[in-house]
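Have a look below at one chain only, the form predicted alone, in structure tokens format.
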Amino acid sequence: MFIRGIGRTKFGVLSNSLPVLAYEAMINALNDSTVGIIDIDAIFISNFLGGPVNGQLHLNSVIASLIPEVNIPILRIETACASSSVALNQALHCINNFENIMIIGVEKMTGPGLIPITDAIAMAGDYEADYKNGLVFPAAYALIAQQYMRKYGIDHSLLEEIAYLNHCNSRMNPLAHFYYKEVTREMIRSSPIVAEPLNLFDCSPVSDGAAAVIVSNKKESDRDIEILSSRIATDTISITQRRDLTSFKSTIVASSKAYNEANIGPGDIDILEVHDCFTISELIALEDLGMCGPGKAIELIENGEISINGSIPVNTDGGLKANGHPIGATGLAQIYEVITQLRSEAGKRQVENPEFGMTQNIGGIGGTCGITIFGV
């Protein structure tokens, strides 16, 4: 199974509607590939907030309206912020019945909405156990950060460094939400507290955007990148049911299965995109994915190992933190970056001679995890 085409829009506060964003990503993916729309046999749509924010469900038919003469199967997939990695996974299960499948992730999060965006995003968590009691996502990740910092004896300066590195990377990515903005360590350090110990620059932005990939059951070009594994694991929705807040079991389980299927280990990964919706989640991801032992992510960061020139470059596009987090498109944007890197087409942010790439896409607070591994 191979990625034959990739496309995305710019991420940020955009004027385009949800269908227009989806269409732009579709066209860009087709233009990047060797196939036309008539060669696409099925489409999977990843979207989380179309109903509560945009008043638009039945997105499969919305996409069909963009290509009215192409009456193919189109399905919508929703697993919160992990929707697009799960959509890809489900497409791969169907690829033996088709030749080419397109996966589209799209989200319109800014502008007028049916309900406040905070309330809408909270639907990815446990309404009864958490949200009704005031545990919104920044507060939940703040509790995780408090536990991690106490357990391993770190302070907020480590999280500040993660934010700074991601913003430095985003300034080399013209499609990133924060491409235009220079963010200094002092800006990060002095930004207002959102939920102790997390401040404004610990949190990913509210973004609009779309991304798309085309998957094929055969390779046609040297630019086609092989999918070595796609695995999903699911955990409880509420952190009140977790024994340990400093690790996400869904990541450990899904990545272990993905490594086994791809027949590689953590040390083989040359480019890594992790789900840093909050800076603390990047620390946890590095450990859960086996890039280091528990509590050792601090050493990777302090030694410069996760920088573009380090031993394991992480979030070279800026990550969710600075590239942006249009929820339904996030996992596909991670894949877009990994494929771009494996093709050696990333320009100023290019990693030297990458062979294997991995994405980690989380839904909720570790409630769903999608892991995808690619190789050249």
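In case it trips you up, residue 1 is the first one in the sequence shown, and so on. Everything quoted here is computed from the prediction, not taken from an experiment.
The same protein also exists as the form predicted in complex with a small molecule; that form is not shown, yet it is the one meant from here on.
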With the small molecule left out here, work out from 202-210, 249-257, 93-101, 153-161 which stretch has heavy atoms within 4.5 Å of it in the model of the complex. 202-210
Listed residue that, although the small molecule is not shown, lies within 4.5 Å of it in the model of the complex (heavy atoms), from Ile271, Cys81, Ala285, Leu88: Cys81
Of these, Cys277, Val215, Ile144, Ile306, which has a heavy atom no more than 4.5 Å from the small molecule in the model of the complex? Cys277
Quick one: does Tyr131 come within 4.5 Å of the small molecule in the model of the complex, counting heavy atoms only? no
Though only this chain appears here, would Val194 touch the small molecule in the model of the complex if you measure heavy atom gaps against 4.5 Å? yes
Answer yes if any heavy atom of Lys181 is within 4.5 Å of a heavy atom of the small molecule in the model of the complex; otherwise answer no. yes
Answer yes if any heavy atom of Leu135 is within 4.5 Å of a heavy atom of the small molecule in the model of the complex; otherwise answer no. no
Given a change of 3 Å or more, say if the Cα atoms of Leu114 and Ser61 sit closer or farther in the model of the complex than in this form. farther
If the C-alpha spacing of Gly113 and Met102 moves by 3 Å or more in the model of the complex, is that a move closer or farther apart? farther
